[in-house]
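Next up, structure tokens for two forms of one chain, structure 1 and then structure 2.
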Structure 1
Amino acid sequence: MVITCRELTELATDKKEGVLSGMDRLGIRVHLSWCTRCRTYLEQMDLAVDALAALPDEAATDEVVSDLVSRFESKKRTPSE
């Protein structure tokens, strides 16, 4: 299965949550074996998620969370390939 950069960015959250199908996991492994930009993207996403998870709960108001989700969704719709 061949996965494009765009498809990988759409599957990134499912990858982080461990809910990918076997075919998607294989496609991502193959894609990451040659695409340094997507490897970097996933590494940065992991760092961001880990950094946010380390923040105390009171640091992330509903407004901040909503803003971050909106920004992530807008980037997810228009990834650069």
Structure 2
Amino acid sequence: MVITCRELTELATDKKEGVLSGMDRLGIRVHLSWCTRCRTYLEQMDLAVDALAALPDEAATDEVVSDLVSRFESKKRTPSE
């Protein structure tokens, strides 16, 4: 089961999602044992995903907040049935 570098780049997400077939898992392990370029590639894919998770949250605008406050208050005045 020989996996080329090009094939490995197409299996990167399946690997991370844990849905590889046994053959592919073995093929990737063998490939990574000698291919530092693909190790770098997978590290960068992991970093890309982690950087997306590290994006700062967006703060709600003043308009949204005041709109919300008024919605909550009108709901308090007219409690649901």
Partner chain sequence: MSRVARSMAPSHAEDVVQETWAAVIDGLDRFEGRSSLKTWVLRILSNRAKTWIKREKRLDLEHIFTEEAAVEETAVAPERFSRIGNWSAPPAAWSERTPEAIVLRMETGMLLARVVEELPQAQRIVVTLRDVEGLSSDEVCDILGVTEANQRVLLHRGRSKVRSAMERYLSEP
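We call the rigid core the largest set of C-alpha positions that still match within 1.5 Å between the two forms. Structure 1 provides the reference sequence; residues are numbered from 1 along it. Everything numeric here is computed off the predicted structure, so don't read it as measured data.
A.B. asks: Here are two forms of the same chain; which is the form predicted on its own?
C.D. replies: Between the two, the form predicted on its own is shown as structure 1, not structure 2.
A.B. asks: After a rigid core superposition, would you say the CA of M23 moves by 2 angstroms or more between the two structures, or not?
C.D. replies: The answer is no; the displacement is under 2 Å.
A.B. asks: Quick one: core overlaid, is D67 moving 2 Å or more at the Cα between the two structures?
C.D. replies: Indeed, D67 is displaced by 2 Å or more.
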